[in-house]
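Okay, here we've got a single chain as structure tokens, the form predicted on its own, with questions on binding and movement later.
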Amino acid sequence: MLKLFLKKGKEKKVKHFYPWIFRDEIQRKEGKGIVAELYDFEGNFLARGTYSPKSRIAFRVLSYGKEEINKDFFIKRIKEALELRKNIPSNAYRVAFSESDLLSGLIIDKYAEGVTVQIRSYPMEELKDEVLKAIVETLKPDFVYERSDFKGRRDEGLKEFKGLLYGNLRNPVLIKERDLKFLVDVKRGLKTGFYLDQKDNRAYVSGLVDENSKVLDLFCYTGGFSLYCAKKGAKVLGVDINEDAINLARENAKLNGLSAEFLQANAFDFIQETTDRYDLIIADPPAIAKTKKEKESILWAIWKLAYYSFQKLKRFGRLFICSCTYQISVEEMVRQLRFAATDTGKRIIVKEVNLQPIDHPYLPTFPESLYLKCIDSVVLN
């Protein structure tokens, strides 16, 4: 087995349960392989995990003991993850959230009787057969479909890939969330098909409206937020640039017997040009920031959405705006809202700050695992 020895002092973060070791933190290597043991400068054992020969993240912790990394290991990890996910009000949820479930490089999502997987590291790609066996034995799915079609795979020396690994898939897949039904396109949809991480926020937003409310759902995707609001009797308009998503949103509305309007349009242009006024505006733009330039672009987008939304909200209207990247903090989001409010002459209060649900657990020792932040603000004038 490969042994990795850290430079002096670099063992502290591992002892504090940070799961990544970067290439420049390794002093020397002994042996070969993708499964590796990690040792401190003096040769004391720290963890067992996987080694990526090309990635900036050289070592990923899978265990703080000397467990064998095989099918039985993955079965154990999946069962442990399921224990944390009892009583979720949906038959669609994230079973395994990479580092947060000590399965770094692996995401497993359950959609009704099926499963999607996403492989995010080279060694996990090499271990995929064992992972698949564990998923089939533990979850007994009708299908396992891989959605590893994202650019980050290139950092691991991997090509983007998606395809059926097991069973039979009838796409789209019908899921249930609370008292609503949704069709999910697991082959072509964003993320792995559905915004599973917004399930709690969808319920929260539905509590802000009634039959007298006028709601604008920007970046509505397949209608999640929109239909929760429509279920309460609100008059809803969902806007998204993705034609396939809009078509599926309309199907989801029919499926639930709900009345909601959906428009294919650029959300940034629409919020700038609309002359209507709303009681609630939801803005959940899809965004990932890995560089400083990308981060600044997203911060600018938050300001722009808030700037125009504050002008289109009625007095005591609400803006529920989200960011789905760990690079941007709650404090930075609030700052952008403050700038937008003062730029439009609006007084606002922050009513609530919501994070990701229990099936996307946040590890305080791994800040990167906290990525979803949503802010509910109220316009006072």
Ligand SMILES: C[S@@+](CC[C@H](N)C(=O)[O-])C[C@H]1O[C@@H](n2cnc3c(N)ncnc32)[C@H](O)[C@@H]1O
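Numbers follow the displayed sequence, beginning with 1. Quantities reported herein were computed from a predicted structural model and do not represent experimental measurements.
Form predicted together with the named molecule: not shown, discussed below.
Just give me the single entry in Leu190, Leu82, Leu139, Ala112 that has a non-hydrogen atom within 4.5 angstroms of the named molecule in the predicted bound form.
-> For this set of options, the contacting one is Leu190.
Taking 4.5 Å between heavy atoms as the contact cutoff, choose which of Arg153, Arg202, Lys235, Arg77 touches the named molecule in the predicted bound form.
-> So the residue touching the named molecule in the predicted bound form, by this definition, is Arg202.
Find out whether any non-hydrogen atom of Ala265 is located within 4.5 angstroms of the named molecule in the predicted bound form, and reply yes or no.
-> Contact with the named molecule, yes.
Is Pro286 close enough to the named molecule in the predicted bound form to count, meaning some heavy atom within 4.5 Å?
-> Heavy-atom contact with the named molecule at 4.5 Å: present for Pro286.
Looking in the predicted bound form, any heavy atom of Asp240 within 4.5 Å of the named molecule?
-> Although the named molecule is absent here, Asp240 would touch it in the predicted bound form, with heavy atoms inside 4.5 Å.
Would you please decide whether Val186 lies within 4.5 angstroms of the named molecule in the predicted bound form, comparing each non-hydrogen atom pair?
-> No, Val186 is distant from the partner.
In the predicted bound form, which of 214-222, 163-171, 294-302, 143-151 comes within 4.5 Å of the named molecule (heavy atoms)?
-> Stretch with heavy atoms near the partner: 214-222.
In the predicted bound form, which residues of 94-123 put a heavy atom within 4.5 Å of the named molecule?
-> Residues within 4.5 Å: none in this stretch.
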